[in-house]
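The chain that follows stands alone, in the form predicted on its own, written as structure tokens.
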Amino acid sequence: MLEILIHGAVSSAIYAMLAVGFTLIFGVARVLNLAHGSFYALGAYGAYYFTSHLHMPLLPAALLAIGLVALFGVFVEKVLVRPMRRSQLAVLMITLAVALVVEQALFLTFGSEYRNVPEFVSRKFTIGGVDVGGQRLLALGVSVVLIGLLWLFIQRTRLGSAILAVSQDPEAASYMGIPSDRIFSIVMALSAALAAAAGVLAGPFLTVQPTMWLLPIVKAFAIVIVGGLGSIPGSILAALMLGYAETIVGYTISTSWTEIVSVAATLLMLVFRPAGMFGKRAAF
């Protein structure tokens, strides 16, 4: 039972980072970003490249990778998404195209082999008789801290207040002198940075390959459907539910059945409660 609690918490934390970024950009800019999983993959590959090829220390490499992915997110929002924002279908297609281009670029650059992202913490810890990798515990702790800092940033700063205003009514916010386009770029940068951080933290104990973007976007989409599109508290709760449900299924039945959990949860929620548990328009 303790093993399920610990590993479920780690999975939930990674899922929460992915889902919070995904729902943040939807809650503020009303954009369903199918390239979100690519930010996760680029974070992991960036940390790998900077440490293995440029021989940088791990922490600066990780921070540089996250920063570059955030800038890439701003590029995607400004150059590709912004001109198409009035058409949800066009945004879906262009972000899907970005994801596929990133996948092919990773294939051409690194090949199809699995890559090993270095661990920040390589030793194992024993908790209540259960051996847990230090990297998993670090991923859990950092995820909680980053989500908490994001919450404080939104709730306690002037820029956060501007983001809230735009998420509630972009037109009224523009009349108050808040530059909506700039807010959209900032939110995309935050969203991309969270996904990249998840890739850096989870890369050492999960699969790192060019197609790794697909599973995170499926998980993030399932979580925001269950939690409610635009609701970050709902996404966090749904991430906990999904993470523990998959862990329980993996331990009691088989790990090959874990991927069905997110699909089943999405289908059931769409049938019985399409708005999700906490569905609303604003991000907070």
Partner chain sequence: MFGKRIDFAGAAGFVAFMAVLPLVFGGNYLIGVLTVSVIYGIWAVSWDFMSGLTGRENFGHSLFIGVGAYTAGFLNTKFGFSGWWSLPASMIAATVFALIIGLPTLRLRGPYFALAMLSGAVIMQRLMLIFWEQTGGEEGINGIEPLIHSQLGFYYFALATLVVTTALLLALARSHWGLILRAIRGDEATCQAAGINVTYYKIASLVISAAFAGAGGALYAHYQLQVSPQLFAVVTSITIITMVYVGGMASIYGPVGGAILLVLLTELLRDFGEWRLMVYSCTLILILFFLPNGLIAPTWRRVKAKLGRPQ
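Numbering follows the first chain given and starts at 1. Note that the structure is predicted; figures quoted are calculated from it, not measured.
Heads up, the form predicted in complex with the partner chain isn't pictured, but that's what we're talking about next.
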property	result
Contact of Y251 with the partner chain in the predicted bound form (heavy atom, 4.5 Å)	no
The partner chain contact in the predicted bound form: L89, any heavy atom under 4.5 Å	yes
4.5 angstroms heavy atom contact with the partner chain in the predicted bound form for L63	no
Partner contact for I225 in the predicted bound form: the partner chain, 4.5 angstroms, heavy atom	yes
Interface residue in the predicted bound form among T157, S122, Q104, T126, criterion: non-hydrogen atom within 4.5 angstroms of the partner chain	Q104
Listed residue that, although the partner chain is not shown, lies within 4.5 Å of it in the predicted bound form (heavy atoms), from V130, V142, L71, L100	L100
Region of this chain that lies against the partner chain in the predicted bound form, out of 131-139, 72-80, 114-122, 183-191 [heavy atom, 4.5 Å]	72-80
Residues within 4.5 Å of the partner chain in the predicted bound form, restricted to 20-39 and counted by heavy atom	F26, L32, L34
